[in-house]
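Listed next as structure tokens is one chain, alone, in the form predicted alone.
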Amino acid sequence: MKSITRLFSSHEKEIILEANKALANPTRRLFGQQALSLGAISMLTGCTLNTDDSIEQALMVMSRLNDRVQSWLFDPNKMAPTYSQAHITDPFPFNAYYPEEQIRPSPVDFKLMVSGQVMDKKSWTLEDLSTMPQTSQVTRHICVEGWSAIGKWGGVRFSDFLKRIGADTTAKFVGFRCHDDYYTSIDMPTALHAQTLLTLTYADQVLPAKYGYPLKLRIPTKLGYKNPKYIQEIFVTNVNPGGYWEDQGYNWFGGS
């Protein structure tokens, strides 16, 4: 376990741990209902907390500190827990920013676009992806709303895909745009993690629409909102692309 001592004082660490309880809450803007010291946050962030806007500003500063801590503590060699198929949640729940009946039809003649800091920018079909080495995992999806579910996902290790397209793995971020208008981004160490999977199947069957057909990214080391579905473009960049929920104040790193 890495030591956090070199990043923050003991007082700051106590504040960060307390702040994380508020930041992990999807309704974190209801800041006054949290048991978080406004004085402590004001001291750490340098914000005067006398208006809703200043509280929101302080929370955003704390979120950036949270990202800094999580990325520093992240161990790219540590695996998320795996399970037997007997532990699979049936049915695995649908999860999106809209109800299941509003799932959009999948694009006809789907092709995955690749852009940014990569050498090979050709588009990929599902058939192209299926020719790459395949693997599977039974891992737990953890939602920021407080529930979790275990499922079996199959596909291509994302690190293999990034290598195949000649991605600049010294770049900081990988971004995703999806055909349901969702978007998100992850750090490069997470992109290269052995369990980060470009998913083509669920339960050994073609990925169902409700779970992200034609293409989903499965990241068991991240919270659910960092696992984009319906992916239509992947890009590598040094500019943080943000994300649908992250741009509304959710923690960007999103570690589980």
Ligand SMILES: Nc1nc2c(c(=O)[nH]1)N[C@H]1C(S)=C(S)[C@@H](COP(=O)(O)O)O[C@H]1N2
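Source: prediction; values computed, not measured. Residue numbers here begin at 1 and follow the sequence given.
Only in words, not in the display: the form predicted together with this ligand, which the text now covers.
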property: Residues 83, 152 and 157 all lining this ligand in the model of the complex, heavy atom within 4.5 Å; result: no
property: Residue 193, heavy atom within 4.5 angstroms of this ligand in the model of the complex; result: no
property: This ligand contact in the model of the complex: residue 227, any heavy atom under 4.5 Å; result: yes
property: Non-hydrogen atom contact residue 222 with this ligand in the model of the complex at 4.5 angstroms; result: no
property: Residue 143 within 4.5 Å of this ligand in the model of the complex, heavy atoms; result: yes
property: 124, 161, 173, 92 - the one with a heavy atom within 4.5 Å of this ligand in the model of the complex; result: 92
property: Partner-contacting position among 178, 129, 112, 165 - heavy atom within 4.5 Å of this ligand in the model of the complex; result: 178
property: Stretch in contact in the model of the complex with this ligand, which is absent here, among 129-137, 143-151, 165-173, 74-82 (heavy atoms within 4.5 Å); result: 143-151
property: Residues of 197-218 having any heavy atom within 4.5 Å of this ligand in the model of the complex, listed in sequence order; result: 210, 211, 216
